[in-house]
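Only one chain is shown below, in structure tokens, and it's the form predicted on its own.
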């Protein structure tokens, strides 16, 4: 059991156990000793649902990364390939299998496609002459992976690009499948709301899948009251801005992958006297970040400016607890102190780690460049000078700052101005291509197709209307004790989360005009429940809404939704699902064409 998955209103351990059971059943089909050959991208997501100990119990003796040529030697009966359905991976698998055949003693080969089998991939294996070598060819529907007690992700890195640039709906089908799995475990969700083209398609797929399974009536009492499907392109602005929560900044600066972060090791080296700083560790410090750690659960969603005071309070509490040992006089008291020691030492270790991380972040956030960039972002979001060439962006290009940083700012300006005047857009494009190279012309094309960097059509800027109606910019933000979601960006309230907040109260009818301006349809569907499963809510009991971001979500948006869940009179608790956890840089990077 992963305790941090069951603290919320919805016990996500139920989902974790269901996917673990499916994995165990597959492994048991391949009798005898096993070696797993991993598609490297899958090792992170798999680590969240099954540690090595579970695989070992089912006779997995060796694990390798999928690479060309021969497989490393392993004295096992079964070789199982765990792969995403990608054609380029099939070529590598075929190479592995053919080189094994020449090697001598025969082994049994199996292939497990995650999350779906693919006819194209099987055809490629057939063309390469190895399809017949596989005894089991199956799929493992790992659609939604539980990351935390209120957070699920498909970790589908190309979902946004596939949906909006390539019109490929595969990830939407996987999202619908994942939602059907959730409903099978947690009951039918009575009401579905949505905004955006992809949201509409996912809802249609779910309704169609439900019709196809008419025979089996879901008799589980519903845990979720509502499902809100939101397209990422309804709110292109939020991910482009720099997140200012503790977790958001860790992700912006170091990148959080499958709830792990790698940090510079020198801050974490134990300080010894007279060492003179030699023998500093060179390997990055890897830490897992989730709410299983008490301190992290408390500070992760705070604005970074409010983290320091929490850490200093916690330091006082811990040192006071350690001082208690001097007061322990009797054997009973000493015994009690000793029993608390492991917990206290873990708390002290946790505090030391987060103090070091906060110092690393502070080095960045107190730099002049960070302040200048933030000032420009906040000017754009509050509607200042969005229609002319920005001198800070010009300087960044002239000094050849990282291209992703420049693209994020230019896209932010474009989104905050409903597109740029042609003259301004052409100027930026020309400067970028001349400075960074003409191979980036394809990237600029992708950004334009995705709606991030485009010319203003109809000569009208709709952003001020949206900003005022949805109260997206708040001047007086209390970062220490916030009263509004805008604290996560120190002034800007994420549009996506504001839509969720207004849906819960007073309902979307109050913002019909803005919903018409934002891209894609908005809709509502009801899923009838069998008699006896209708929910009668107790007075004071909150609704539970599952909010699914199609195309990715940032940690700042997650923090804002958690803030709404914790409001005394909020009335709604949120569970968040997404195709991918992301930030502005990883998002822009996913849309960049790799130079040949």
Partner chain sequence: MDCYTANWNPLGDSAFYRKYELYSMDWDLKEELRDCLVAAAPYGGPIALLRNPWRKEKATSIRPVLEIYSASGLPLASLLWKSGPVVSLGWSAEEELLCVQEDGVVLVYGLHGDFRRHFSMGNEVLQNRVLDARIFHTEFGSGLAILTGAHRFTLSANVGDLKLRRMPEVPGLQSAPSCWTTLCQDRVAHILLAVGPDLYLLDHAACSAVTLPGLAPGVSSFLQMAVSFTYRHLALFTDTGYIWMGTSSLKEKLCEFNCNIRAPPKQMVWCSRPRSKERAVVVAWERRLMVVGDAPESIQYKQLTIQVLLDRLVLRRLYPLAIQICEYLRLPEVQGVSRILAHWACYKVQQKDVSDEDVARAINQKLGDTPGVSYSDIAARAYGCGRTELAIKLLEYEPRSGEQVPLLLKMKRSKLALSKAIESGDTDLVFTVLLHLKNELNRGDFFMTLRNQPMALSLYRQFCKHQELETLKDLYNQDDNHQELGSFHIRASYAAEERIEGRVAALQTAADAFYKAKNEFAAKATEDQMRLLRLQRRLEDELGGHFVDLSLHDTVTTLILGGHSKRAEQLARDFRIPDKRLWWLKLTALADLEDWEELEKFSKSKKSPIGYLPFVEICMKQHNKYEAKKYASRVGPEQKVKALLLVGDVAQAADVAIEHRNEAELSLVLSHCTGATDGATADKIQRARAQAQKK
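Positions refer to the first chain, counted from 1. None of these values were measured; they are calculated from a predicted model.
Separately, the form predicted together with its partner chain exists; it is not shown, and the next lines address it.
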Partner proximity in the predicted bound form: residue 108 to its partner chain, non-hydrogen atom cutoff 4.5 Å: yes
Residue 361 within 4.5 Å of its partner chain in the predicted bound form, heavy atoms: no
4.5 Å heavy atom contact, residue 388 and its partner chain in the predicted bound form: no
Contact of residue 434 with its partner chain in the predicted bound form (heavy atom, 4.5 Å): yes
Options 334 to 342, 142 to 150, 445 to 453, 483 to 491; stretch whose heavy atom lies within 4.5 Å of its partner chain in the predicted bound form: 445 to 453
Triplet 368, 429 and 441 all within 4.5 Å of its partner chain in the predicted bound form via a heavy atom: yes
In the predicted bound form, the residue from 526, 329, 509, 211 that sits within 4.5 Å of its partner chain by heavy atoms: 211
Proximity to its partner chain in the predicted bound form, single hit among 181, 355, 226, 170 (heavy atom within 4.5 Å): 170
Those residues of 364 to 402 which, in the predicted bound form, come within 4.5 Å of its partner chain by heavy atom: 368, 391, 394, 395, 397, 398, 399, 400
